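Given as structure tokens, the chain that follows is alone and in the form predicted alone.
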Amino acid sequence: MEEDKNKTVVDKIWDFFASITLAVVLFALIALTSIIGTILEQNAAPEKNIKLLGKLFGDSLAPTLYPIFEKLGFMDMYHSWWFVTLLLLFATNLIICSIDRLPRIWKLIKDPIRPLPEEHFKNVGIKKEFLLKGKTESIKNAFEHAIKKIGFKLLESKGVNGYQLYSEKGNYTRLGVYITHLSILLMLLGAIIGIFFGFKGSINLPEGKTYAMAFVRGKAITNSADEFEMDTILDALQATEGKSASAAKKLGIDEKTFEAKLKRYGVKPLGFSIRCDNFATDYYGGSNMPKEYRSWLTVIKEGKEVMKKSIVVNDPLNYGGITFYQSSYGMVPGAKGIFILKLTSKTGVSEIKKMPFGEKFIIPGTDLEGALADFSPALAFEPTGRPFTSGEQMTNPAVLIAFTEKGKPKYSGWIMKRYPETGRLPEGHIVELIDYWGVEYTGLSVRKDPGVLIVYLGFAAMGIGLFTALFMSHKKLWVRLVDEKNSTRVIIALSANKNRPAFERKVDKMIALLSKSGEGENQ
């Protein structure tokens, strides 16, 4: 009690942050809030989380709870001041705990092993004693060889009636826990760098279009003035390939003001442009269940194409520290695309034809003319055979083509992209719907995380630290050889800060090998 009274304010603060209890409390708070942040979709449209809150607490409470949760920062939890504060407090606690305990551990590491006094052999936790026939000098040589064979660097001390051999191994393995602490700090540092200097956004990028920015949650546009300002900002960024400074100069405003406007509207310049060249979906067999989404993307910088890649889920494109993941897809409202047809006559002559809706084409080498009469993104048929559109997505794109020959109607029919056999005509000609291009968008999840390499380094350090802390130990070994007429009494003492049974087994194996050279009598 008297000691506590004599402590300064600095000492009390130090003791507070060096507390294991504080570490447990902070870790529990971070884990609990992270669970909440996982359940609630971060930076999502309000209606999504209101619907989720309705399932958890009831539809009547959801609209009341949402603004409360939003003010508490749970809708953008990982950027909230209190979550970052928890991470910094935990890091501070970890650093001070480590510094507070390090001197004692360092002393154990650096304090060299010394001969063990005779009376201390009786108090060692692991002790073995036996007789070996032979002179002490020859037994000592045999032990020196055996101890070195199990990886110990041997020291020796000569006594009145014999020798003492002693050694230690793994001094620095006591630092394994500190490597683990360092790994946690690296991961926290990487996370905080990602929070402040990275972002997670999205782009709905139509086929054939180029964007120089991604979008995160920002101010809702509710009037024409906001809409006009937003369009002006986007046009400036598009014209400058996503360069903030150049866009601000183009608009005649200072960069700081421009950055504030970007933050307000949730716009993240990329510093380059990205174009969707094509998007396609593969399906399982004859079902409408998607098997794979694939986007063909091109990165453009300084007006030049610098990278091309087709991406699928779990195989993203990475450029300039920004990663583009395939996350969704859909139809562009009101878009007018280009039909891409492959025309093959019965003689084998083929050509690719690109045309807008309503245009006509002729089968190569014939008088057979086709006209695009109708289109369905998801063609299906009723039991009566009547065609209808079953959905808005391109699950079964099909085009209705009316054929004429020398101006006279011949026949018409639906040609489906996923079922090429529907394009085989009575005369043996083939018409294939390759694509209806320019009407779909690829939904890209866009992420920039400059701290990710530090996080990976932290994971690597954690693996090393945990392996060192759990599977390696600081081992000490003393062997006392006492001359007894024509025999030598061997007394072995062992010490290990962890995994003592494994060390004991290794020494037992060494003893068994030595005993083969003489008649051992265990005591």
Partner chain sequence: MSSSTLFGISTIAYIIAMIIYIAYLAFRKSQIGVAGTTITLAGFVSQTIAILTRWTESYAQWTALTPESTFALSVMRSAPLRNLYESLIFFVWCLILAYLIIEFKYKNRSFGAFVTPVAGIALAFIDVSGMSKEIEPLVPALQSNWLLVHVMMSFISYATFALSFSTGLMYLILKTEKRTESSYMFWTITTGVFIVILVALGLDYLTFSVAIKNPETLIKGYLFKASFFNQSFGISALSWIAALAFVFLVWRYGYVLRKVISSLSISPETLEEITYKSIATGFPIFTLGGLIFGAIWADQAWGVYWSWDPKETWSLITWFVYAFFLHSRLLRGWRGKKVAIVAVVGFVAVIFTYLGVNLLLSGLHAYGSLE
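These numbers were taken from a predicted model, which means no experiment stands behind them. Here the rigid core means the biggest group of C-alpha atoms that line up within 1.5 Å when the two forms are laid on top of each other. Residue numbers count along the first chain shown, from 1.
Below: the form predicted in complex with the partner chain, not depicted.
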Among 486-494, 63-71, 38-46, 473-481, which stretch has residues with heavy atoms no more than 4.5 Å from the partner chain in the model of the complex?
38-46
Would you confirm whether the three residues Lys209, Tyr411 and Leu433 all fall within 4.5 Å of the partner chain in the model of the complex, going by non-hydrogen atoms?
no
Answer yes if any heavy atom of Ser445 is within 4.5 Å of a heavy atom of the partner chain in the model of the complex; otherwise answer no.
yes
Does Gly190 reach the partner chain in the model of the complex, with heavy atoms at most 4.5 Å apart?
yes
Wondering, does Asn314 line up within 4.5 Å of the partner chain in the model of the complex on heavy atoms?
yes
Mark Gln326 yes when one of its heavy atoms lies within 4.5 Å of a heavy atom of the partner chain in the model of the complex, and no otherwise.
yes
None of Lys107, Arg424, His120, Lys291 but one has a heavy atom within 4.5 Å of the partner chain in the model of the complex; the exception is Lys291
What is the one choice in Phe215, Phe375, Phe361, Phe90 with a heavy atom within 4.5 Å of the partner chain in the model of the complex?
Phe90
Residues in 207-245 that come within 4.5 Å of the partner chain in the model of the complex by at least one heavy atom, in order, are none
Once the core is superposed between the shown form and the other one, does Ser495 show a C-alpha displacement of at least 2 Å?
no
Is there a C-alpha shift of 2 Å or more at Lys291 between the shown form and the other one once the rigid core is superposed?
yes
Classify Leu53 as shifted (yes) or not shifted (no) between the shown form and the other one, where shifted means its C-alpha moves by 2 Å or more with the rigid core superposed.
yes
